[in-house]
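Listed next as C-alpha cells is one chain, alone, in the form predicted alone.
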Amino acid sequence: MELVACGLDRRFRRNTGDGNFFEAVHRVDLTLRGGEMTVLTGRSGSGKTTLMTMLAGLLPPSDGTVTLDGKDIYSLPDTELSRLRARRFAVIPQGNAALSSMTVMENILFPAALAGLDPPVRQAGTLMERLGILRLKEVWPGELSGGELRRMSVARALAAGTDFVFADEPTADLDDENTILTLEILKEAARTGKAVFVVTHEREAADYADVLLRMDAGKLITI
C-alpha cells in the first residue's frame, strides 16, 4: 500500500508584490507506505501543510501527481475522489474542525457514517479511554478545552479505520504527557499497517519516525 507523490508543485497567485505567483511547494517526490510513520518538520510557512493537503486529496497540485493504486487521485471525478477520501484518508487538521451540533462521540463516529460504514463504537471507546476523554463522550465541543478538542480529533481520525492518516500538528494544545501519548498512539497505528504522515514542530516526534523529513522554502529534505 503506497501513496506516491511525483513532482508536486503548488503555486498561489499573489494579489500584490513582486511576481505573479508564490511557490509554496516545489517539485516534491515522496512515497507514503503502510506500516510507516513519516514525520515532516520545518519552520512555519515552509509549505508543510500545503504538501499535506495535496497528499490527502484536499488541494489539487499546480503540477505533478499523487498516485494511489496506480491512479492519479486528482484525475478522478469529484464524487469518486470524495468517496476515496472518506474511505481511505483520515485527517487531523491543525485547527478545530469539530461539528458543534454533535456530541464528542457523535463527532468521532461521523467519518465512518460519511463513508457508509458501520459506526466503530468499540474502537472509538477504546481510543477515547486511552486519550482520557471517554467521560466527555456526551459533551458538546463548545464545552471542551483546546487540548480536549485536539484529542477528540485524534480519536476521530484513528477510529475511522482508514489506510492513511494525515496529522497536522496533532499535539498542539497538549501538555507533555498527552503529547507523548498521542505520538505513541500514532506510532501504534503505523505498526498496524496504516501509513501515518505527521506535520509537527515537536522535537520529540523525531523519536517515533520511521521516515524523518524537513521542508525548507517549499523543498523537501531527507534528514
Partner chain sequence: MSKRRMFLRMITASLLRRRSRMLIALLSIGIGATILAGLVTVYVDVPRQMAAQFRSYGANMLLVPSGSALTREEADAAMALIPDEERVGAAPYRYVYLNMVRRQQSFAAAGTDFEQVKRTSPYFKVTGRYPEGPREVLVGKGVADTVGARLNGVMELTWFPPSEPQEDREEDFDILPGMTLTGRAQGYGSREGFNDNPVYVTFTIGEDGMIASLSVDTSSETAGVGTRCSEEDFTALFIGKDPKDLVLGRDVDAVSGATVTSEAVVRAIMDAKPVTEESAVLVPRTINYTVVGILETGGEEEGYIYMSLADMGAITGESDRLDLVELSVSATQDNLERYAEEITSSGHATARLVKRVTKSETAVLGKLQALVFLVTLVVLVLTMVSVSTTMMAVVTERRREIGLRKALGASDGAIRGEFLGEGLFLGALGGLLGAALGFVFAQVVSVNVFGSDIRFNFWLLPITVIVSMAVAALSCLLPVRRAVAVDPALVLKGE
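Just so it is clear, the structure is predicted and the values come from calculations on it, not from any experiment. Residue numbers count along the first chain shown, from 1.
The protein also exists as the form predicted in complex with its partner chain; that form is not presented, and the subsequent description refers to it.
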item	value
Among the candidates 59, 172, 185, 30, the residue which, in the predicted bound form, approaches its partner chain to within 4.5 Å (heavy atoms)	59
Listed residue that, although its partner chain is not shown, lies within 4.5 Å of it in the predicted bound form (heavy atoms), from 109, 73, 133, 149	109
Residues 4, 22 and 65 all lining its partner chain in the predicted bound form, heavy atom within 4.5 Å	no
Stretch in contact in the predicted bound form with its partner chain, which is absent here, among 186-194, 30-38, 46-54, 65-73 (heavy atoms within 4.5 Å)	46-54
Heavy atom of residue 125 within 4.5 Å of its partner chain in the predicted bound form	no
Close approach of residue 102 to its partner chain in the predicted bound form, 4.5 Å, heavy atom	yes
Touches its partner chain in the predicted bound form: residue 144 (any heavy atom, 4.5 Å)	no
Heavy atom within 4.5 Å of its partner chain in the predicted bound form - qualifying residues of 154-188	156, 168
